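Read the single chain below, which is given as structure tokens and is the form predicted on its own.
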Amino acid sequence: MLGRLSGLLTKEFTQFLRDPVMLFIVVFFYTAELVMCTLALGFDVQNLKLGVIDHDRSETSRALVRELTSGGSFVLADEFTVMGQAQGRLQRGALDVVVEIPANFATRVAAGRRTSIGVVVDGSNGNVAARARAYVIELSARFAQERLGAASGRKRGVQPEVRVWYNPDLTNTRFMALSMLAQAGLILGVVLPAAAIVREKQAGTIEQLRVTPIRAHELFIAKVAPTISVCMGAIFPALLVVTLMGVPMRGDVPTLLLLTFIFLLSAVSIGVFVASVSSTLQQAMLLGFFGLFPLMFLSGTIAPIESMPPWLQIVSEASPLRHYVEIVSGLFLKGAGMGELWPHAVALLAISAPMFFGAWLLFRRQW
């Protein structure tokens, strides 16, 4: 058995390494695509175009505008005298936000009285609009608190001191880089073994293998091993890439490798199950992507799991990507270890075991 399995593994690894396109795809997914998708899918909104209608024209109103534009979230695009002028710019997409400051703004602020400003946000892009609205509220509240404290000479009420751990500047880049790292492993873990097994069926070479002394489980293992080995090796250039993108590695690499191996088992189990129910490469690819998109959407990388309906939050537990994102976030950003991450490892094993068993039953029946 060991001799047959060794020969099959040598054949599969040789065939995989002889294919420069597949090697390029693996390296590309773990490096260049990781960078491009992270930068493209960053949800940190910067340089929003701000229009201002300042009816007060005081030092206080100008200080508010400086507060809004000092952090990089807003860029002062233009100033207007009436809302009608700004409306045309909003309709053309030349502005994202318009802030209208009333005439008695400075007087009311100096007196410590309640005052308000008008804010009009372009809501055609819901994500940008929500963040722009939140930025204006936060910056205005900070401005009002500072002015009130300066006017009264003391702080009023409860003054919270907020400390952000693990990601102190609250940038989304670190989380997205780790999410893309996890998604690369899922996609390759599903697609590569599915393509390798179905290619044997479609080319007719599996009929030749059936007349050899090879056992079904030996071929099964030989088809799975190259994908896991190559993806495990691709983790190292990916580690270099995410480090260059400013993602700290606070955990230990051996724990990362062990948990990545368990995650790849769950991804490969989906791929071999897809291959077992497919007869052509086209079917395998369509079925693979049919399953990949729900797994990605339910992983929390695109939308927070907490914002999903309760029943979908339960369903998301079946997504291996959700658990691996929690693993890499904990390892890289929090410095978590196996003591904190073992429930996710158990969940990944619980996902992969029935998938492997079902795929093995189908594969053995076809064999």
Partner chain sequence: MAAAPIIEARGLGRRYGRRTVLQDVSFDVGPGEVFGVVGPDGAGKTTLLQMLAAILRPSTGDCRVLGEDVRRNPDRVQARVGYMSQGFSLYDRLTVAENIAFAADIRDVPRAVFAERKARLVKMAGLERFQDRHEGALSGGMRKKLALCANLIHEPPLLILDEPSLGVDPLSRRELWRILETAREEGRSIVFATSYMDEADASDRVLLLRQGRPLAMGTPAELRETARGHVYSVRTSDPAAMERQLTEATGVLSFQRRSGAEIRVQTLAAAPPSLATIDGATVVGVEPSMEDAFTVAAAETAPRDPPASELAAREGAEVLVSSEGVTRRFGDFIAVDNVSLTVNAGEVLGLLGPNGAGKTTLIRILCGLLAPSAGKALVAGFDPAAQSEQVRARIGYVSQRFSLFADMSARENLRFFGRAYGLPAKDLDARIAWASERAGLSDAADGLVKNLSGAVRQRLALACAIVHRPKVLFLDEPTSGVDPLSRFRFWRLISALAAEGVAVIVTTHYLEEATYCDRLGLMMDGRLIAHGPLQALQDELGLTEARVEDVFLGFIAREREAARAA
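Positions refer to the first chain, counted from 1. Note that the structure is predicted; figures quoted are calculated from it, not measured.
Omitted here: the form predicted together with its partner chain. The next part is about that form.
- Contact with its partner chain in the predicted complex, defined as a heavy atom within 4.5 Å, holds for exactly one of Gly72, Gly204, Gly233, Pro254, namely Gly204.
- Heavy atoms within 4.5 Å of its partner chain in the predicted complex are found in one stretch of 262 to 270, 233 to 241, 74 to 82, 208 to 216, which is 208 to 216.
- Within 4.5 angstroms of its partner chain in the predicted complex, the stretch 8 to 26 places a non-hydrogen atom from each of Leu8, Thr10, Lys11, Thr14, Gln15, Arg18, taken in sequence order.
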